[in-house]
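Next up: a single chain in structure tokens, the form predicted on its own.
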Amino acid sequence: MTRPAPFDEDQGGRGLPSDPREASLRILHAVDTRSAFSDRLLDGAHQRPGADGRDRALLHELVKGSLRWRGRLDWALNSRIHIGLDAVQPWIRNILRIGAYQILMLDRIPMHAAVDESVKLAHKYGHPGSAGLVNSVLRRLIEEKELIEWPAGDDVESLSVWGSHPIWITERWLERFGPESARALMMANNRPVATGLRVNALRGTREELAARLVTEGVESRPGTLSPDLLWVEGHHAPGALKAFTEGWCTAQDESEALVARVLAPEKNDRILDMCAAPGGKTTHIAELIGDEGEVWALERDKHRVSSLENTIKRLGDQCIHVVHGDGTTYEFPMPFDRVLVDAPCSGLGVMGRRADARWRKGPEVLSEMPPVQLELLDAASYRVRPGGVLVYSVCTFEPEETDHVVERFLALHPDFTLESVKGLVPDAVVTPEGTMRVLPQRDGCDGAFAARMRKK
């Protein structure tokens, strides 16, 4: 056995094998063993010259599906492996998951092909005897497929397997939302996620973008919450689209595209985005003010600064000034009319899009992130001019990172008051308190939260 060396993740998946099953294995192994991000690797793989559309679709399906349904797949596999799935080496564990996903969750792939291709991978990536294990376990799955009864109870363990989410997340949502809504949320996270493209208003309208996409053979539909966004049908890497490379749009979820609307920037404003990379919200702000004003994009991570600058250049925004610095310590000589703190968070609202995140994070993230978020808000408060606006946003809907952070901030800063977002975003996502909360199971997109505060 000669196991291939790990591919260079800095190449964004472009060094992956052309065979979709082998490429999916390499991605899943990188996610498991090196905490790689599947989205980034898939995007790079999809942009390879000459990539076959069917192979691209199968690769996307195998990676995303195996990650979303890992809880169910592992439950089915574990009881059919005498040493247990955890004792199996990572390469073989992920070969089994890919094979099981094709057998149990897909109906258009011949089962013998799923087994045969998995056995070939086991010969290439496993130890002696691994191929026999893969062959016997997957054939047993085929024989017993119709007899499998997924756990259906409302207890945490059963719901965790049924909905394919870790125990700690299942427990939280079961207590907070109840069984019915928790199930709906899990299923929303397990649905295939469409690609959102936000039109660059400096180039044209959403309708004009849709027409340009048609010329590339890409169908789309308007977003329901954001007036700026189109949902693209099928597996299209944004970077491979001419409309994207020519600056007509940028990739963004519908919930993300609402945040700049909450900020409600006006022409000639001086605006600060304190956590700017990768630039989706920064460029949206510039577009909403017609590129007339000042938008300062602050980013702490040096490596992400270049990505931010490339996004700005591609979209042609002239009013954005990029600054490399830490939002908690960087000093600006002038105040700002509006400040956005799109803070780092647990990301529990985007686990449908980033399926690998649910298996990477633990409950400690909900105690680690609020102090960071509050520190950023505290620093931002001194940069807002009297009468100016401060917006706090996160891609989660957990109370510890949303309402509790805002309540704590307002208690520490009586010179700020909470202002309702009603009228700025659709009423469906406005809470009784006047904040924005987007829920995947209700709104059909990523989960998110935003609060708008004004300095007295």
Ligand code: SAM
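Heads up: residue numbers just count along the shown sequence, starting at 1. Keep in mind the model is a prediction, meaning the values are calculated, not measured.
This next part talks about the form predicted together with this ligand, which is not shown.
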item	value
4.5 Å heavy atom contact, residue 139 and this ligand in the predicted complex	no
This ligand contact at residue 78 in the predicted complex, heavy atom, 4.5 Å	no
Residue 349 within 4.5 Å of this ligand in the predicted complex, heavy atoms	no
Contact label in the predicted complex: residue 196 to this ligand, heavy atom within 4.5 Å	no
Listed residue that, although this ligand is not shown, lies within 4.5 Å of it in the predicted complex (heavy atoms), from 247, 204, 227, 325	325
Residue among 114, 376, 262, 243 with a heavy atom within 4.5 Å of this ligand in the predicted complex	376
Options 208 to 216, 336 to 344, 146 to 154, 123 to 131; stretch whose heavy atom lies within 4.5 Å of this ligand in the predicted complex	336 to 344
